[in-house]
Each structure stands twice: as C-alpha cells, then as structure tokens.
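A single chain, nothing else alongside it, follows as structure tokens in the form predicted on its own.
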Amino acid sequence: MLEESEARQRILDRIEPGPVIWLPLGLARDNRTAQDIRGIADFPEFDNSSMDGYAVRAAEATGGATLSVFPEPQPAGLNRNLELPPNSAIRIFTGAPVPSGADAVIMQEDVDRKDDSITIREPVVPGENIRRRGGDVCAGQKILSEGDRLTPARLALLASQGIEEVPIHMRPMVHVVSTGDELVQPGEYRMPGQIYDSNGVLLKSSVEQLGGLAEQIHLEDNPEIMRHALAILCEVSDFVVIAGGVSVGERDFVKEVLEALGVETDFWRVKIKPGKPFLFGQHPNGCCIFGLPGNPVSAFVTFQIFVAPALKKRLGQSVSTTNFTKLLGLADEEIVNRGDRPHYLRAIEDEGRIYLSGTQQSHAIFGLSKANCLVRLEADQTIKKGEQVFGIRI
C-alpha cells in the first residue's frame, strides 16, 4: 500500500493549473487570481479632503484667528483649480481636491462662521484631514498576488483602480459518479434492501464548495453501462470522481472498466483509515480519475485528503504537501488509534477544544454532519486529554 503523503504528491504531480480566463468583477467573487495584479494609478489620485470643513494654511489657522471665506467653494467631483489667498479659507467637502496653497483642512465643527469669515476654535497642523495622493496605493504597486482569493474587499480595490476584469483559472468540470444497484435517489421509491444515495450530493457539493463545476450521475453495477458512460465522461470532464466499485468484490467493476478505456492507474490502495481502497489514474486525454470507497465517511475523508488538494491546485491555489495537517487545538478527551494505519477521525473543534463527533464507523453520516475537522492519528497513537491535536478543517 502507498503511504498517504506519497499518494498525494503523485496526484499533485499530475495536476496543472487550469487555463486562464478573464472574468468581470461582478462574477469573480471567491475565485483566485491567476497572476499578480498591479495598481494602474495612484490612489487617491490627488490630495483630497477627508472632512467637510475649510481648506486653510495651518500657520494662519491658529486658535482665535479670523479668516476670510473665499466666495467659491470646492465640492467633491470636478476640480475647480482654486487657489487659496493669504489669510483666507475655502469651503471644502469630503473627497474634494485640496486647493492650491492649502496645507490642512479644519473641520467645520472646529470653527465659528459669521457671514463671510470664520473664527478658529481648534487649530490644525500641516497635513491634517488631507488624504495624500498615493497614500493608499501607488501606480505600479502589487495590489494582489497570484492565488489571492477575490473577497468583496479585494474586488472593491480592483474597482477603485478602474479594473473591470480579473484573470482567474478556469473552473474544472467534475463529474461525480455514485455506483451501486442498492442506491436510489432521494425522493424515489425504495425496494426492501435499497438505500438512498448520499454520496452523490456529498461529493458534488464538496466540489462546488471548493470552486469546481460539478454534475452528478448514478450508475448501476453493470460493466457495459459503466463503460459506455465513463467513456463519455472522460471526454467531457477535467476530473471524474467515482464513489464505490473500486474494491475487489464480485460486483466491483470500476477498475476493469477503467482499464478497458485506457486509463492508466497510477496507484490503488493507500495506507490510511478510512479509505484504503482509493484509486487514482489518468485517461489518455488528460482527464484525472479518482476512485473513492463507497461508504460515505470513507468517500468524504479520501475526497478531503486527495481530491480536494488536486482541485485547489487546478484552481491555481498553493497546496503544501509537507504541511498538510495543522494544529487544531487541545484534546478534550483521550483519542486513540489502535490500528496499523494512520486514522482520520471526525471531530468537533470548539474554542480550541477537540472532541470526537460520535461513532467513527465509515457509514456514520450523522457524526460526520456534526464534525468541523478531521483529527489525524498515526498508527497505534494515543492523544491524551490536554495534548495538541493535528488534522484538517472541513
């Protein structure tokens, strides 16, 4: 069996970031930038007032001084190119260009106005209440790095530069395939012994949560049907994620069907729990094939460990293989792995305390639904209460 870290590295070695496309800002939220982005212009582009008040010379606006109010104000918008006369003040509004000769803006609350003059109650210092040109962004400055997530604030930053489109990596098309004669779709009639298909929605939504495009189908345990369907999916997909049918049971046909389609299997079986019967391969046209176990928890865990990093790299995100797990917190109970493989346990992190989220059997969806992290234990490892816990957030 292949070690987990080697399996993940072999997958990532086969993955390249997707083609670069340009999206309008209104469609780009939560995507990642495909390249560094630099500022086009200084921001602010001119010295402007941060307050409603009066543009003055600080040396003249001392406590108790009286200044004449210039007859024309400077509103926000069109620069009227006003010049401040000696011993005078120009009415100015927030965002308006600072008139020539002024070196400060005094707030309107700090003066007493009578007719065409003001009396200074609170003096100002040079530069007060003025937003200087380039004080936030300078032209040519790197404002976003490749791989940065496009949050609303970052989209606003781009808009402030007049940038209307942003480069991203094209979202991969992923087909999620659930297999098994025993499965029916939610809402359909069930015969005795049949169960509802939870893997389909579990994996489809997991792909979409990461930013991929996903479609979900179900296939019966019939080699001919599988071969026909998977031949089509391999031609139209970037990734095909198959849940079930990759083990060695009499009704497990996925491996032989993939071989018939020319898929080169890179590896099968990984030294982890749950999820040992995991398959990764590649179709001659480049489509990546992931074969996951059929039990829902096993499917979810292997998706998080192997498929999610591949999707992230395809979307242009930085993926670390050496620091895959992170410190989650401190154990609130003793957590034990008595097996001979690393074990990912479903757990809850609450204000730095880590405790298991219920039964750890591979079919137990309720416990998985409560979990917000996966705790990783090495083979035959015990974490005592109060000790550090490492794993991944989900």
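When you see a residue number, it is the position in the sequence shown, counting from 1. Keep in mind it's a predicted model, so treat the numbers as computed, not measured.
FYI, the form predicted together with adenosine monophosphate (AMP) isn't displayed, but the following is about it.
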With heavy atoms only and a cut-off of 4.5 Å, decide whether residue 172 touches adenosine monophosphate (AMP) in the model of the complex.
no
Residue 182 within 4.5 Å of adenosine monophosphate (AMP) in the model of the complex, heavy atoms:
yes
Residue 267: touches adenosine monophosphate (AMP) in the model of the complex, heavy atom cutoff 4.5 angstroms
no
Would residue 245 show up as a contact with adenosine monophosphate (AMP) in the model of the complex if we use heavy atoms at 4.5 Å?
yes
Stretch in contact, per heavy atom within 4.5 angstroms of adenosine monophosphate (AMP) in the model of the complex, of 306-314, 116-124, 195-203, 280-288
195-203
Which one, 275, 294, 212, 99, lies within 4.5 Å of adenosine monophosphate (AMP) in the model of the complex by heavy atoms?
294
Check each of 238, 252, 103, 146 and return the one that places a heavy atom within 4.5 angstroms of adenosine monophosphate (AMP) in the model of the complex.
252
